[in-house]
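In the block that follows, a single chain appears as structure tokens, in the form predicted alone.
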Amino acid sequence: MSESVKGFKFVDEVCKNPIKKVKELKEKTGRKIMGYICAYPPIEMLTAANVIPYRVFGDVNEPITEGDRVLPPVICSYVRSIVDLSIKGKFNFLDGVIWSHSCDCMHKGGFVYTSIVGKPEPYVLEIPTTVREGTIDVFKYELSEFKKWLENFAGKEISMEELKEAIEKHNKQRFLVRKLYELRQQDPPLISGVETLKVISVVEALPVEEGNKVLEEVIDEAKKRKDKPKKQRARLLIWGSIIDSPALLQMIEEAGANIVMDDTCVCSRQFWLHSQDPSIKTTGDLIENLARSYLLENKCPRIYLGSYGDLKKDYKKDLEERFGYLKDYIENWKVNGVIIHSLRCCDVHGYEVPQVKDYLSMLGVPSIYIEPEYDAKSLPPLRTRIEAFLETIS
């Protein structure tokens, strides 16, 4: 790829074949590539170890054949797709891959991968499911164990100075991602939902330094270009599970909507810290800082935040505690409709749907719930429902 290709054009080129780009980086730099399948592995530690983080996705256009041979259909199709592609050798260019205990399907998928595929070298990261007294210490211990494994994998010790520098680089990336999302606060937004997903997907396939450069170029180009998205009657937020293919977002935007915000596994959740200081601290115990930020700030529904602090049977208060950040999204991005998305058999998100709908009803924001498979063929039947929903938004 030519060095002169920048901004949106670079993003489009990499999106066509991200694996080709990563292979080129590996050949050029000699650095190891570590795949990760969830937003919970602290990629700052990978950067500190001079390992390139690569966000592993399935393929909605690839029929799941080998994956269905080793995993039952009640396992979410995203996990089955990744196992399927692993057995078929698509990820052989990776040197290692991190599975996470983010849900039972992901956890079991990691062990099935380990026993059947085994290459590239796997690691299954254990993550607490509740936030209460002592939980941070538990996750800190898990990250300390992961650090030991990573040092052995990389063939080098990770100094605290290297980890601090890596955290600073990724903090800059979080800042730039926020700037990217602020472009969507305007009406019409300066960047579409499809474009945002493509940009984030590319950033998650590159070393942090290159990813930051791409973000800066895209932000600058989006502010100056004339062919910005058209204004639509609906300004939507998408909440839910994994969306790594632009096909669904493209269908929604072509139906007459601007997707101006998201709360999904691939995009904002990986970068958004909801504390007053939206960055990971670089002073004190760095491992504890990572454990605290990844556990408390990642708004994945797998974490039961209701057990943190004063626990009382107050449904409205619990909804506000769990989903109050959505109100900030709705107000700051002028959202007038929400699409609640959960892959079929994704229990983590599926069990949360009634509460999310209740909270949105409290705010007076209309919503629709969709439950597709991780398969491009499951999308066309949703078009009529989405078009009908958009007609209800004035």
Partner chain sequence: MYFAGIDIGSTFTKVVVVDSNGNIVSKIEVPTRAEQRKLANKVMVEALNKSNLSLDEIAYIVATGYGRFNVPFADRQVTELTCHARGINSIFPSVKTAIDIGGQDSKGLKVKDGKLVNFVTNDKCAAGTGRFLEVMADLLNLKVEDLGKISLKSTKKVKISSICTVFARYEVMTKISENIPIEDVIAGLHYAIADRIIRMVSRIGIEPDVAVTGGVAKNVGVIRAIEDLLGYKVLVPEDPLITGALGAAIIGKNIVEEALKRGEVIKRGPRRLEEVTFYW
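Residue numbers count along the first chain shown, from 1. Quick caveat: nothing in here was measured; it's all calculated off a predicted structure.
The form predicted together with its partner chain exists for this protein as well; it is not shown, and the discussion that follows is about that form.
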item	value
Selected contact from Arg31, Lys327, Arg344, Arg69, since only one has a non-hydrogen atom within 4.5 angstroms of its partner chain in the predicted complex	Arg344
Answer option from Val60, Val51, Ile368, Val365, heavy atom within 4.5 Å of its partner chain in the predicted complex	Ile368
Residue contact check: Thr392 to its partner chain in the predicted complex, 4.5 Å heavy atom	yes
Contact flag, Thr384 vs its partner chain in the predicted complex, heavy atom cut 4.5 Å	yes
Partner contact for Glu373 in the predicted complex: its partner chain, 4.5 angstroms, heavy atom	yes
